[in-house]
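Below, in structure tokens: the form predicted alone, a single chain.
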């Protein structure tokens, strides 16, 4: 089994043959920086000082030809073929509360949430708790490589992981899940991962911004926030946007929760009024709706967001323009 050494701190850990350097490090309780876990963001790059690496995803968006020339690799895609020495700055922020582990999940139920979002509920062979807002990796047997999806449920023992997944046109993994996976079948799971988890000790009201595929972690966060005794006096604003009304989830997903309408407020919006189908609600993008609704108070809130790349970029632009402290903003960079 290859050993990975970080000479600057004399930190060493083993990496099993079926693992990557970043995931092995996190399983050893180390603060190896990462976000997306699938090669897109580039936040897990390290420099190879000695040894030989196989890079699993050659077309990873977060990895360039220049990186290869400089012997920089993505930790989430780097499989060591020999003992290695690497250059990397470990950070305590990335240490996992629940150490991620590999297991299998048996699909127990499927439920349609919107016309293109479906909830898949898995019962785990080896239960694994997670923090609300975190994600896991799904590895269908007939798909190459892992895909990251956020959990939508709240669990104390980790016996079940639920994922609200948006179908991607021509997507290999979502195609396998939506078309070929049926109740009773199993898939490989790995996790939990992610830094955009609920901060119960934060002394601020909560704002959740979601769109499209970003629904799942927001649902987990709102369920946990409502149930948390530490957050009992917090106001919670859930902003969710879609292009048309059919992209929005049923209000009953939230209205069944305690405090709906009093401390939990739902703000749905669409961005394409020309296709509104009789829509009489808010029109615009979620970051603009949130700013218009809360005004300067938005600067005083704990903000969580997830969604497509353009939405995430717009939210971050708003955060910068309003000078919202970065420590109050939580997201995982899946783009």
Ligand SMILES: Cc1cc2nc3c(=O)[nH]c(=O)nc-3n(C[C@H](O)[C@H](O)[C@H](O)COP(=O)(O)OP(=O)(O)OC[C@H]3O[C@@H](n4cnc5c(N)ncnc54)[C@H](O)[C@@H]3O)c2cc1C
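Just so we're clear, the structure is a prediction, and the values are computed from it rather than from any experiment. Positions refer to the first chain, counted from 1.
Another form, the form predicted together with the ligand, is not on view; read the next lines as being about it.
- Residues of just one listed stretch (35-43, 297-305, 263-271, 284-292) have heavy atoms within 4.5 Å of the ligand in the predicted complex: 35-43.
- Proximity to the ligand in the predicted complex, defined as a heavy atom within 4.5 Å, singles out one entry of 198, 189, 165, 206, which is 165.
- Listed residues 172, 183, 227, 125 were compared with the ligand in the predicted complex; 172 is the one with a heavy atom within 4.5 Å.
- Though the partner is left out of this view, residue 217 does reach within 4.5 Å of the ligand in the predicted complex, counting heavy atoms only.
- In the predicted complex, none of the heavy atoms of residue 246 sits within 4.5 Å of a heavy atom of the ligand.
- Interface residue remark: residue 27 is not counted as part of the site for the ligand in the predicted complex, having no heavy atom within 4.5 Å.
- In the predicted complex, the ligand sits beyond 4.5 Å of every heavy atom of residue 97.
- Looking at 138-155, the residues that come within 4.5 Å of the ligand in the predicted complex, counting any heavy atom, are 144, 145, 146, 147, 148, 149, 150.
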